[in-house]
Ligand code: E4P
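The chain below stands alone and is given as structure tokens, in the form predicted on its own.
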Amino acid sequence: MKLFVDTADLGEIEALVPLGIIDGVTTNPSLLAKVGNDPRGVLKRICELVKGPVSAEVVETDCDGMVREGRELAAIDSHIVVKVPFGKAGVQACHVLANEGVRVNVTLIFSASQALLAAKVGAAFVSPFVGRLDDIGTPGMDLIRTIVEIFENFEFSTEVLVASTRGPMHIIESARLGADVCTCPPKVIDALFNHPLTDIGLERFLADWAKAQQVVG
């Protein structure tokens, strides 16, 4: 399963990329607004750092506007994936852009029917939001299980990109269910590294080594 980082902060991306675990980046207007500067310049720099899919979201709300803005975003770099919100306008825009060879990520997916429609019009990715479903008492991972099953039944090339992840278990469950991608905030990726038994084991190894050196000395 591919792992994307959900941020537009260049410092966070620069810290994670050398680890070799980051396959792409997802951004949205809110994340880009937080870092300020020129949004398209930031997107270009992210593409240079990651050299993998970088989702950049449109802010237009009608089909024609989404298509126009999507073309502009796609021209920034070959790694850009245009992100459009689900809805009739978004589905239509995805259909137009996909037919032009532009990769599209249809976001704000909350049902299997929405994912199916996005896949039918050629979306490269669909982004179901598991954390937000969990927040309203609907198991988000059940949606991932259903979407993966549907896509496998009909051999859609659309990748399931699990979004709104809140912790390591969302990532592990996504991998178990066969999702293609999981996108996570940097703090969630950091949490993947942590386990108290690893820390205890390392402390013991180092303490034993230090004792051995004292005996030798």
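Don't overthink the numbering: it's just position in the shown sequence, from 1. Treat the numbers as computed from the prediction; the structure is a model and nothing was measured.
Absent from the display: the form predicted in complex with this ligand. The rest refers to it.
Chemist: Looking at 60 to 68, 26 to 34, 144 to 152, 43 to 51, which stretch has residues with any non-hydrogen atom within 4.5 Å of this ligand in the model of the complex?
Modeler: Looking at the partner contacts, the answer comes out as 26 to 34.
Chemist: Would Arg176 sit within 4.5 Å of this ligand in the model of the complex, counting heavy atoms only?
Modeler: Because no heavy atom of Arg176 falls inside 4.5 Å of this ligand in the model of the complex, the answer is no.
Chemist: Applying a 4.5 Å heavy atom distance criterion, does Thr158 contact this ligand in the model of the complex?
Modeler: Output for Thr158 is no: heavy atoms all beyond 4.5 Å of this ligand.
Chemist: State yes or no: in the model of the complex, is some non-hydrogen atom of Phe129 no more than 4.5 angstroms from a non-hydrogen atom of this ligand?
Modeler: Result yes; Phe129 sits at the interface with this ligand in the model of the complex.
Chemist: Would Ile189 show up as a contact with this ligand in the model of the complex if we use heavy atoms at 4.5 Å?
Modeler: Ile189 lies outside the contact set for this ligand.
Chemist: Mind listing which residues of 175 to 199 have a heavy atom within 4.5 Å of this ligand in the model of the complex?
Modeler: Read in sequence order, the lone residue that approaches this ligand (within 4.5 Å, in the model of the complex) is Thr183.
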